[in-house]
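Alright, here's a single protein chain in two forms, structure 1 and structure 2, each given by itself as C-alpha cells.
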Structure 1
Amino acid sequence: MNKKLAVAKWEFMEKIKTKAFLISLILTPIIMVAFGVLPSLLAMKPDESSVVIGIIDESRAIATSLAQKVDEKYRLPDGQPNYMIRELFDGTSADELKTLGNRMIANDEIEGYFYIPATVFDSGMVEYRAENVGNFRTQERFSRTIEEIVIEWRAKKEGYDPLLLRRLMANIDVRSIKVTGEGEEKESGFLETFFSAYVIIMMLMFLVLTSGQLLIRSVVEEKSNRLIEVLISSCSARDLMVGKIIGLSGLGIVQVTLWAVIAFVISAKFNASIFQLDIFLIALIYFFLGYLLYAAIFVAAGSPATTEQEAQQLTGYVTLLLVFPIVLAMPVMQNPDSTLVKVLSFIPVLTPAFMVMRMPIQMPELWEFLATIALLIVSVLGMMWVAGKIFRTAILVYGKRPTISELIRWLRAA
C-alpha cells in the first residue's frame, strides 16, 4: 500500500503543478457556464437596429393591422421600432411581386418578405422568403401576429366580439410544484430541475476527459522513454496502476471541490437555487463510482497504445459513452420512470448519468438505488481487475498494437 500511495503522491504533485491543470481548473467551469448560458443570452439579445420586412398582401386586409400591431409590440431598447413594414404593390401578379421582393432581398433593401395569399383566412398558409431563413425570432413574431389578425377576422365573420374572445383566451401561467415521496410540496422550475442533473453530468464528463487523458498520456510517455521499465523494477504493475488512478482521483476531487464551491457561491449571491441539496450527496456517490469505472476503462483501453495518437483515438471512443446520456437528457427528464430509462440505468457505463438525471425529476425507488450502487461497485472491481491484467502486460509491449486474441490471452493469464 505504501508503494501505491507513493505513486499516487508523485502523480498528484506532478500534475497539480502543471500549467495545463491550473488553466483547466478555471477554464472548465467557464466553458460549462458558457455552454449553458451563452446560447440563451444570444437568443434573447435584442436587435441593434430596425429590420425592414416586406409584405405582399393579396387579401388587402392584413398588412395595415400587421404593421400597427408589430409597431406596438416590438421596440428596440432605444424606443425605435424593431421592424419597419414595407408593403410591395408594384406589379400586376403575385409572381411579379415575388420577383420584386427577391430582387430587393438581393440588394439588401429588405431583410425578407411575407407573402400573404388571398386565401389566408381559409387556408391559414403564409410564406416567408429571405436570404436568412434561420431567423426564427422574426418568423415566430410575425406568424403569431398574423394568426391573431386572422382569428379576429374569423371571429367577426361568425358574429363574435374579438375583444371578448381575447379576454376569454387569456394566457395561463403554470407553476411547477414538485411533490416528494413523503407528500411534501416544493416549487421547482425547469431551471433548477435541469441544472441539478445537467451540471453534475457535465462535471463528470469534463473530469473524466481531462484526468483520463492525463492518465493515458502519462503511461504512453513513460513507455516511449522506457521509464516504465525502471518503475516496474521498483513496484508491481498493479501498484503502479492503482497509484496512478488514486493520484488522478485526488486531482479530480480538488477540481470538483473548487467547482462546487464556485457554483454554491454564485447561486447564493444571485439567490438562485440550481442544486437540490437533498440529492447532492447521493449524486456524489454515483459521481465517484462512475469516475473510478471510467478511469479503469481508460487504463484498459489506453495502456496497449504505443503512441499518443493511438491513445487519443482509443479514448475518443470511450468519450462517446459520456456524450450518450447528455444527448438523451431531455427524453429522460420528460419520462424518467419509463421502462427504457430504467433499463438504461442498469448499464454500468450509463448508470451514473441516468440515475443523477432521474433524481431531481422523479426520485427512483430505494431498491433501484441499492441495486445500481451495488452494480457500480461490482463493475468497478471487475473493470479494475480487467485493467490490471491488460496493464501488467501492455506496458511492456512496444512496436505494435495487440490484437483482440492477445488481449483475451492476457486476461486468461494467471
Structure 2
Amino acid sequence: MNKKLAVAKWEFMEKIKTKAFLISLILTPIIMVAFGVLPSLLAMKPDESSVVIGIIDESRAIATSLAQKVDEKYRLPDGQPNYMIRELFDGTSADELKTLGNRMIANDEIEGYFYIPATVFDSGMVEYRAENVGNFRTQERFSRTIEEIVIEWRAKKEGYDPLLLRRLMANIDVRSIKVTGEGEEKESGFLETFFSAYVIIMMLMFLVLTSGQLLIRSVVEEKSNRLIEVLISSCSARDLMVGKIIGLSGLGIVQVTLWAVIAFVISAKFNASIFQLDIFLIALIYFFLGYLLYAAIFVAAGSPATTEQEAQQLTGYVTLLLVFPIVLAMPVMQNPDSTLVKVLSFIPVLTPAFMVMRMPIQMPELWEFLATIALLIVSVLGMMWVAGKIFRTAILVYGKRPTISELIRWLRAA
C-alpha cells in the first residue's frame, strides 16, 4: 500500500505543478463560460440610445399605429423610447423613396427602414433594409408588431372584433410539474432535469479525459526515458498502475471540484437549483464506477503506446466512447422509458451516463439500479484485470506497437 501511495503522491504533486495543468484548470471554465454565456449576454444587451427606423408606408394604414405600439412596448433602460419612427412616405414613387432611404442609411440618419407596400394586407410582404441586417432583435420586434397590425386590420375587415381576437389567440403557457414515484407533485423546469443529468455526465467526461490522458502520457514518458525499468525493479506493476490511477484521479478531482464550485456559484446566482440530493447520491455511485471502468479502458488502450502521437490517437478512440452517451442525451431525455434506452443502459460503457440521465426525468425501477450496478462492478473488475495484464507486459514494449494477437497472448500469459 505504501508504494501505491508513493506513486500516487508523486504523480499528483509533479503534475499539479505543471503549467499545462494550471492553464487547463483556469482556461477551460473561462472558455466554457465564454462559449456558453457570452453570446446570449451580448444579444440580450439593451440598446444604449434611441434607434431611428424609417418607414415607407404605401398602405397609409400602418405607420401611425406601428409608431404608437412600438413606443408603448419598447423602452430603453432609462425610460426613453427605444425606437424613433420616421415616416418617409411623401407620395413619390417607391423607387425614389428607396433611393432616399438608402442614402439616409449611408449618412447614418437612420439605422434602417421598412418598406411596406400598399398590397401588404393581401401579400403580407414587407421589406427591411439596413446596413446591419443581422440585427435580429429590431427586425423581429418590428415584424411582430407589423404582423399584429395587419392581423387586426384583416380581422376588422372580416367583421371580427380585434380585441376579442387577441383574447382568443392568447398564448398558452405550459407549467411542467413532475410527479415523483410516491405520487407527490413537484414543479420542475426542463432546465433543472437537463442540467442535473448533463452536468454530472460532463464532469465524468472531463475527469476521465484529464486523468486518462495524463496517465497515458506518464506511461509513455517512463517508457521513453526507460525509468519504467527502475520503477518495476522497485515495486510491482500493479502497485504502479493503481498508484498512477489514484494520483491522477486526485488531480482530475481537483479540477472537476473547482469547476463544480464555479458552476454552483453561477447557478446559485441564477437561482436554479440543479441537484436533488437523492439523485445526486445515486449518481455518485455511477460516477465512481464509471470512472474506474473508463480509467481501466484508458490503461488497457494506452499503455501499449510508445510515442506521444500514438498515445494521442488511442486517447482519441476512447474519447469517442465517452462522447457517445452525450450525443444520445436528447433521445434519452425525450424517451427515458423506451425499451431501446433500457437495453442500452445495460451496456457497461453507457450505463453511467444513461442511468444518470434517466433518473431526474423518470426514476428507473429498483431492479434496474441493482442489475446495472452489479453489471458495472463486474465489468470494472474484469476490465481492471485485463488492464493490469496488458499494462504489465506493455510497459516493457518499446519498439513497435503490439498486434491484436500479441495482446491476446499477453492476456493468457501468467
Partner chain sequence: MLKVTNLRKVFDRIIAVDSVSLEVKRGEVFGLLGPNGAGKTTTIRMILNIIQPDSGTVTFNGLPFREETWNIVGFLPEERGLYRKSKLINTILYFATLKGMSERAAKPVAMKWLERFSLVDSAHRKVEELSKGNQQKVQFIISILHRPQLLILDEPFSGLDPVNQILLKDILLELRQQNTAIIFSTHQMDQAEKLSDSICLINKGRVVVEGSVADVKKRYGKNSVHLEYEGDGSFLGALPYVRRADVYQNYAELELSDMSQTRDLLTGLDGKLSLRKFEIVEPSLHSIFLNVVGTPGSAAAQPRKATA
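Basically, rigid core = biggest C-alpha set you can superpose within 1.5 Å across the two forms. For residue numbers, the reference is structure 1: its sequence is counted from 1. Quantities reported herein were computed from a predicted structural model and do not represent experimental measurements.
Notebook entry, point to check: Looking at both copies of this chain, which one is the form predicted on its own?
Noted result: Structure 1 is the matching one, since it is the form predicted on its own.
Check: Does residue 68 show a Cα shift reaching 2 Å between structures 1 and 2 after rigid-core superposition?
Finding: Shift of 2 Å or more: yes.
Item checked: Did residue 101 shift 2 Å or more between structures 1 and 2, C-alpha, core superposed -> Yes; residue 101 is a residue whose C-alpha shifts (by 2 Å or more) between structures 1 and 2 when the cores are overlaid.
Margin query: At a 2 Å cut-off on C-alpha positions, does residue 252 qualify as shifted between structures 1 and 2 after fitting the rigid core?
Written below: The answer is yes; the displacement is at least 2 Å.
Notebook entry, point to check: Once the rigid core is matched, what's the CA displacement of residue 26 between structures 1 and 2 in angstrom?
Noted result: Its C-alpha position differs by 3.8 Å.
Notebook entry, point to check: After superposing on the rigid core, how many Å does the CA of residue 137 move between structures 1 and 2?
Noted result: Once the two forms are fitted on their core, the shift reads 7.5 Å.
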